[in-house]
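Presented below, as C-alpha cells, is a lone chain in the form predicted alone.
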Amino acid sequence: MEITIGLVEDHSEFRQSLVFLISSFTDYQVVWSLGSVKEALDNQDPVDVILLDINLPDISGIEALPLFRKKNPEQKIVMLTIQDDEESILNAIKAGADGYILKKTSPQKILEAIRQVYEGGAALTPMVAKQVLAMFTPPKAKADTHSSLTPRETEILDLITQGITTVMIAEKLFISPQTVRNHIKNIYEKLQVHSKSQAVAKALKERIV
C-alpha cells in the first residue's frame, strides 16, 4: 500500500530534493509540499504522514503540532529538522510528535522513519533518543519504574523500540491486539509517558530494554 506524505519545509531546495527522493520510490507519494504551516492548514489534503520542520516562517513546527492534531487527531507527524538540542527534542515529543529525525539522516533512514510511524511505531534515531532528558519521571523514581514493569510489559516495550506495530506484536506473542493495547497503557502509566515516541526515548535512555 502506498504511503501518502505531506511536507512542510520552508527551504525550497531541500524541499524539492526531498520530494524527488520520496517520489522515486513506488511505495511513497508526496501529495503536497508547502513552505509554511498556514499553507498546510489552509490547503492540505489528508495524508498518512506529515514531515514537519521546526524553524518555519509563520508558526514553528512545535507550535503547529497541536493545530494539526486538532484538525486530524489521528494524524501521524514526524519532525524533520536540523535542531538537535535537547529542548527542541523534548518539546516536540511532549507536544505529540510521532518521530524526530535530523535532516542529516540518510535518505533510507528517513523513509524507514516514515514507514515506522505509518505502521504505528515511533521513529527516533538513537542519537535523538539519548538526548531526551529524564524529565518524564523524577530521577529518584527510576529504579521503581524499572522494577514495576512485568516481564510481559518489558517484552512488549522491547518490541515497541524495534518499531513493531501493535498488530504485529499481538501476532508474535499469540495474544489479541486489545491485550497488547492494555499492556501498552500500563507501560505508559508506569513510565509516566504519553506516547510511543516518549516510551522509546525513555527505554533507550534508561536502558530498560
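Treat the numbers as computed from the prediction; the structure is a model and nothing was measured. For the two forms, the rigid core is made up of the largest set of C-alpha atoms that agree within 1.5 Å on superposition. Heads up: residue numbers just count along the shown sequence, starting at 1.
Unshown form predicted in complex with the DNA; subsequent notes refer to it.
Report whether all of Arg152, Ser176 and Ser195 sit within 4.5 Å of the DNA in the model of the complex, measuring from non-hydrogen atoms. Result yes, every residue of the spot touches the DNA.
I need to confirm a contact call. Of Asn182, Asn55, Gln162, Gln29, which residue comes within 4.5 Å of the DNA in the model of the complex, counting heavy atoms only? After the contact test, the surviving option is Asn182.
In the model of the complex, Phe25 touching the DNA (heavy atom, 4.5 Å): No, Phe25 stays farther than 4.5 Å from the DNA in the model of the complex.
Contact between Ser33 and the DNA in the model of the complex at 4.5 Å, heavy atoms? Flag for Ser33 set to no.
Just checking whether Tyr188 would be counted as a contact of the DNA in the model of the complex - the rule being heavy atoms within 4.5 angstroms. Yes, Tyr188 sits close enough to the DNA in the model of the complex that at least one of its heavy atoms falls within 4.5 Å.
Taking the DNA as it sits in the model of the complex, is Ser60 in contact with it (heavy atom to heavy atom, 4.5 Å or less)? No, no contact at 4.5 Å.
One stretch from 34-42, 168-176, 64-72, 47-55 that, in the model of the complex, holds residues within 4.5 Å of the DNA by heavy atom: Only one stretch qualifies here: 168-176.
Does anything in 79-105 come within 4.5 Å of the DNA in the model of the complex by heavy atoms, and if so which residues, in order? Result: empty, none.
Comparing between the shown form and the other one on the rigid core: C-alpha of Ser176 shifted by 2 Å or more? Indeed, Ser176 is displaced by 2 Å or more.
Classify Glu189 as shifted (yes) or not shifted (no) between the shown form and the other one, where shifted means its C-alpha moves by 2 Å or more with the rigid core superposed. After core superposition, the displacement of the Glu189 C-alpha between the shown form and the other one reaches the 2 Å mark, so yes.
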